[in-house]
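Take a look at this single chain, the form predicted alone, given in structure tokens.
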Amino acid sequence: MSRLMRTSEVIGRPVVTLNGQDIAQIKDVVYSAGGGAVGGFTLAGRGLFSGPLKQGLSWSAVMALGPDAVMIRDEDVVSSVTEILDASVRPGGSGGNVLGSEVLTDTGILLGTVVDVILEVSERRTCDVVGYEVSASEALGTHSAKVFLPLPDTLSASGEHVMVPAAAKDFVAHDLAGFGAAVKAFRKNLEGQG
């Protein structure tokens, strides 16, 4: 069984040890070098006036990403932010922030602008990037509406644009509840073309 969630829902979640100690909160999601999975998180202190911490959390150290908290074994699994970011930098570039980027098909059609990233968290302790929530362009027939666009297993992104196969526009979902099936159908369609 897996569950879909927006990255905006993860940001701000408390990081709690198995013995119940609340040690930090999630500041940002860091994507792995290939762009298809979560590599880890940067952390912020807890409380109104707490700022960013110099520690981060690799995905491998996460025991569970639940609806209310991120569970870890103990504080010893926290590492430096530099280690987390270094492990996630792509050769010749960086993971970068895709929010606000335009989504283009490989045929040059503008599909919209990224407003959130959709993650799939599975019982096998994987956390993969499976899609974007986008503010749709006219090409999707729902100008300015927010829709969910599936992504292939690997991703091509620059600072301003994200490239997806043209077939992605045929698998757009209008709600998160049906999006998991759209992602599976889209990826199966891509396998059939390869």
Partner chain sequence: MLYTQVKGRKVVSTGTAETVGRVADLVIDPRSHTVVAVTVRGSGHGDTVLWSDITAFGTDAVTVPDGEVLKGANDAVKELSGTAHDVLGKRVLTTDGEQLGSVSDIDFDPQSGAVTVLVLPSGDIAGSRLVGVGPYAAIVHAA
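Since the model is a prediction, treat every value here as computed from it, not as a measurement. Numbering follows the first chain given and starts at 1.
One more form of this protein should be noted, the form predicted together with the partner chain, which is absent from this view; the next part is about it.
Is there any non-hydrogen atom of M71 lying within 4.5 Å of the partner chain in the model of the complex?
M71 belongs to the contact set for the partner chain.
Would you please decide whether A145 lies within 4.5 angstroms of the partner chain in the model of the complex, comparing each non-hydrogen atom pair?
No, A145 stays farther than 4.5 Å from the partner chain in the model of the complex.
Though only this chain appears here, would P67 touch the partner chain in the model of the complex if you measure heavy atom gaps against 4.5 Å?
Within the cut-off, so yes.
Is there a non-hydrogen atom of L176 within 4.5 angstroms of a non-hydrogen atom of the partner chain in the model of the complex?
Residue-level check for L176: no, no contact with the partner chain.
Would you check whether the partner chain, in the model of the complex, lies within 4.5 angstroms of a non-hydrogen atom from each of V98, R124 and T126?
No.
For the chain shown here without its partner, which stretch in 58-66, 127-135, 165-173, 37-45 has non-hydrogen atoms within 4.5 angstroms of the partner chain in the model of the complex?
Heavy-atom contact with the partner occurs in 58-66.
Does any residue in 5-21 get within 4.5 Å of the partner chain in the model of the complex, counting heavy atoms only, and if so which ones?
Sequence-ordered list: P14, V16, T17, L18, N19, G20, Q21.
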